[in-house]
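Just one chain follows, in the form predicted on its own, and it is written as structure tokens.
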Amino acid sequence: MFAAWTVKHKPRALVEVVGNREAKEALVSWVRSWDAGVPKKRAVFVYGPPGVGKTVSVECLARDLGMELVEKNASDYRTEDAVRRFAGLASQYGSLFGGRRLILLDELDGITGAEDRGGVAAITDIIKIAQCPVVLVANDVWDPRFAVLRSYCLVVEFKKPPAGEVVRHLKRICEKEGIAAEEEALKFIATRSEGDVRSAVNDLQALAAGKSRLTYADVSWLAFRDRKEVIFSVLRLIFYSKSCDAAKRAVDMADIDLDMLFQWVYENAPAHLKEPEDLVRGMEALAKADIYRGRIARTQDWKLTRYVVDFMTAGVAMARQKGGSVGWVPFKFPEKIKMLSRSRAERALEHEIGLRIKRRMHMSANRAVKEVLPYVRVIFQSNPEWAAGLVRWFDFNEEMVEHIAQGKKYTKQIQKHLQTE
């Protein structure tokens, strides 16, 4: 049974939350100030980018201090009446067993749209008379509609944690999951997450699926994935939309070309269309999309693109007729994208090898790769002493030696000769 690592390895104590030490200390200090009576600021407004630990910090804080946490998504309580029914009553009474209570209204950004009918004003009124700590969480505290509300709150900013702290968190997860991960691989994931810890953990789970060892080669192709619009969200729209229009809008979200999006949908279809009949319909839609892709390539008639979009989005979404929810199933990165990434890197390395052979043997780099490199490889795998001599003569670096030898066993033998001579 699949379990999202963001849930499985969710911090249970405030000390386990990645980064933002000062922000966490400010939260603890503010909650403890209630021990001396109701403070001037009865609410704290926590803000910052997604995935940096805002909500989980409040949850851990309540757990650390033994408080009853009353947590709701504010976007579910847009109207004045709804807010007062929930937050108004909760903020006036203690817990059932006489303990302390902490109110958390998450995703406050969700009640600032056109559907908000007095929700923000009601929260402001409730904070003025709250008899227990109230925490508000949003991405943007400086939204003009929060101006009055903000004046009644202690504002605490959560920032993106440094990549080093994210790496340490990923290491802990790998240890618990029994995965031997290279430092460079985890650094790459952490850097690409741009401070979004939740995104980094999701990436780690997707990349390490089915592996006991995670190398830099396993993750380096991740650079091909666009981070401006999360591709996983795009895929969810395509596979689980209830209408054709909603599925087709996914293409506007994905800032990647249609060919790459096609690969994402094609390789993930079997995992998300579980019923055989649904999968047949989905693959038929993708087959038709692929036919139009071929016609576009042959004729350069780009007007046919709309048919590609229709079949690969709406066609796939409407294929789900028998199967309901399949639970949490991870999206996997297309093998073709990984293959293209790796082959590109290999071609670049072999071209550099060809250039070094060229300097010594006075031939083109392409000819060196085709005609000389195969013989060099045979020598590397059969005679480490001769291989060491060729390494010095051609001035191959360590990466080139490992690529030519095609195995750590031969590489170590060659390096041993290089060190002894």
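Just so it is clear, the structure is predicted and the values come from calculations on it, not from any experiment. One-based numbering along the sequence shown.
The same protein has a further form, the form predicted in complex with a small molecule, not shown here; the description that follows concerns it.
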Task: Partner-facing stretch of 311-319, 267-275, 197-205, 175-183, counted where any non-hydrogen atom is within 4.5 angstroms of the small molecule in the predicted complex - done: 197-205
Open item on the list: Whether residue 6 contacts the small molecule in the predicted complex should be assessed with a 4.5 Å heavy atom distance threshold; does it?
Closed with: yes
Task: Any non-hydrogen atom of residue 16 within 4.5 angstroms of the small molecule in the predicted complex - done: yes
Open item on the list: I'd like to know whether residue 55 contacts the small molecule in the predicted complex, with contact meaning heavy atoms within 4.5 angstroms.
Closed with: yes
Task: 4.5 angstroms heavy atom contact with the small molecule in the predicted complex for residue 107 - done: yes
- [ ] Identify which of 139, 299, 151, 233 has a heavy atom within 4.5 Å of the small molecule in the predicted complex; exactly one of them does.
- [x] 139
- [ ] Using heavy atoms only and a 4.5 Å cut-off, determine which of 51, 39, 354, 389 is in contact with the small molecule in the predicted complex.
- [x] 51
